[in-house]
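In the block that follows, a single chain appears as structure tokens, in the form predicted on its own.
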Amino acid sequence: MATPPPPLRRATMLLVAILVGVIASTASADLVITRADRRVSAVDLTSHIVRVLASLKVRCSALFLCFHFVQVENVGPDPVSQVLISFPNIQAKNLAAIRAFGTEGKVKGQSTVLPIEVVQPSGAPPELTFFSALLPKPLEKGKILHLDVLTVFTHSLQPFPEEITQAEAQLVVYQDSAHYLSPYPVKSQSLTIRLPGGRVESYTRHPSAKLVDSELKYGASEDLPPFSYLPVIVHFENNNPFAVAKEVIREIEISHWGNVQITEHYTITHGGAKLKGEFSRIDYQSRPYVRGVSSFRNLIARLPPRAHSIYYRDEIGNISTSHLWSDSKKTQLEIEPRFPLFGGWQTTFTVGYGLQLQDFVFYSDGKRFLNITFGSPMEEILIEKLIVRVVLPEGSKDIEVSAPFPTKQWQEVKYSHLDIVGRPVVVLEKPDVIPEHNLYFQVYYKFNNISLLQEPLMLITGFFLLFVACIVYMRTDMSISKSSPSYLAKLQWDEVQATVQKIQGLFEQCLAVHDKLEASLRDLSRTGDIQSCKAARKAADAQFKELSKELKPLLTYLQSSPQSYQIWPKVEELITKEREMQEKLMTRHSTVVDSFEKKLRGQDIENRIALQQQKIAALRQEVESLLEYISEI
């Protein structure tokens, strides 16, 4: 047999030492287990959640416990009202669920659910945890009781080795007792362990141990004292998905317009042996069942039959690698993450879907109530922390919660669109949630149907007020009063701008006259027609006088206006420069005409007017710059 990992070996030695002292303690002398059989369904190791079913047969004068078939005999004179079930503390800390079903009679009939509670019998050893299955009525002497006990454990399969490569299969270790640990003497018992199928590295060998295919059976043991414990360790291959959700937030939002919206946020990790070394996508794609045997790449969610509007996404966006099947009895969603999950790897995603309101919200005794399952629809998933948020419609009151098991509860308020006081939210939190916790729970509340009209009336009122405001705006004169100083100042500024534009137009006409004089000189040099050149000058003089006459009242108004204090200095400078340029242009024109009359050479004419030409060009550039500046203002 392979050596177990150190934590299991130390726990086994500690438990054996404790039980040596426990056996010597006083147990109930009135009860004797005459037979205890743990059969095929007793210990199920095909997944990472360990399930144990105990069936007890109780008889007064013979209280008979069966684990998976236990017979207990009451050898005392008093009736029995409870049956004690014990677990070592190191095992009880991983106990996620325990249920008991009982029926009275020699032949096992239809069972009823029995209440289970934690007890601490007087004189009981503190190293053990005790549960009491309360019988519906005391078991009289000579009567027989059949009792089935289902226990579910988490984190009971430990990867060994704790790290493996991509190509290696996952091996796990399971520890239990070949003897049924009970506070009562056991006359006969047996244990059968169902394994997932692959290879079995090793197991604790006893004379009665027998391994056949995927079943490991420890044969009948006789006349065992109370608290008898015989440790067994099984080291075997288990490549089933070790899907562990670190946290699941499940939000159930009720809308009385006909829909129940479910949104589930998952943070899932592979709880098996961690991946050692590098991951090769090429090897995985070519041989996924060899080079990724310990990983899992999909999860199955069984949704209600009429689920609709189903989506599956993560932080990046929608994930298309999913498949959906539905019929009149069920809706099955197969989820494939973006990458396969190896040991220690983690992924997050969100699943959402809608349900018909009439299938889950009902009315009774003046209250509405939501009747829906508590846990996750995912198959074989362990949720270390589950938070269920039930968002009720705004205006709900007198809220009550009925859950089939203890949960931490509190209330919050959620604000959504068009909410005024917010929607009441009932929050339920529970650790170590397994598929067996996927039971129905109820949330009762009062809700007035008139509250349904609140949001439509808000929308109607809002649009009505908007249209009224638009009508009032369109029919109201929003202009500034004509007697206000700001309005008068705006009018004055508009007049100043109009005057400046007229002045600009007049100066542009002056520049055009300048260009005509320049053109007459060019014609003179080409044709020698002195009379035509003199006529052009005479016409230019007349135009200059006319433009000066038009410019005078404009300048007078501009100078007197208080709004022109910024622009008037530039206009005044423009007038000075233009007049200077006009004088020099006339002087040059007279010089050229006189030179032609005296028949001077062209080079002599150029020498006489060269300096004048430079000044005229400089003045022309200054005038154009001033016009551009005034235009920008």
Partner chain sequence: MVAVGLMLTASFFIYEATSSRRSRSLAKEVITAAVASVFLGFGSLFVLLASGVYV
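Here, rigid core means the biggest group of C-alpha atoms that superpose within 1.5 Å across both forms. Numbering follows the first chain given and starts at 1. What you are looking at is a predicted structure, and each value in this text was computed from that prediction instead of being measured.
The form predicted in complex with its partner chain exists for this protein as well; it is not shown, and the discussion that follows is about that form.
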Point to revise | Exercise: Met474 in contact with its partner chain in the model of the complex, heavy atom 4.5 Å | key: yes
Review point. Using 4.5 Å between non-hydrogen atoms, is Glu495 touching its partner chain in the model of the complex?
Key: yes
Check your understanding: Though only this chain appears here, would Leu95 touch its partner chain in the model of the complex if you measure heavy atom gaps against 4.5 Å?
Key -> no
**Study point:** Partner contact for Glu455 in the model of the complex: its partner chain, 4.5 angstroms, heavy atom
**Key:** yes
Check your understanding: Hey, of 169-177, 80-88, 498-506, 517-525, which bit sits against its partner chain in the model of the complex at 4.5 Å between non-hydrogen atoms?
Key -> 498-506
Study note, to complete from the structure: With the partner omitted here, the residue among Ile249, Leu418, Val119, Ala489 that in the model of the complex has a heavy atom within 4.5 Å of its partner chain is Leu418
Study note, to complete from the structure: Picking from Trp257, Trp325, Tyr289, Tyr363, the single residue whose non-hydrogen atoms come within 4.5 angstroms of its partner chain in the model of the complex is Trp257
Review point. Listed by sequence position, which residues of 392-416 have a non-hydrogen atom within 4.5 angstroms of its partner chain in the model of the complex?
Key: none
Review point. Just checking, between the shown form and the other one and with the core aligned, does Ile420 shift 2 Å or more at the CA?
Key: no
Point to revise | Shift of Pro225 between the shown form and the other one at or above 2 Å (CA, core fit) | key: no
Practice item. Align both forms on the core first, then report whether Phe467 has a C-alpha shift of 2 Å or more between the shown form and the other one. Key: yes
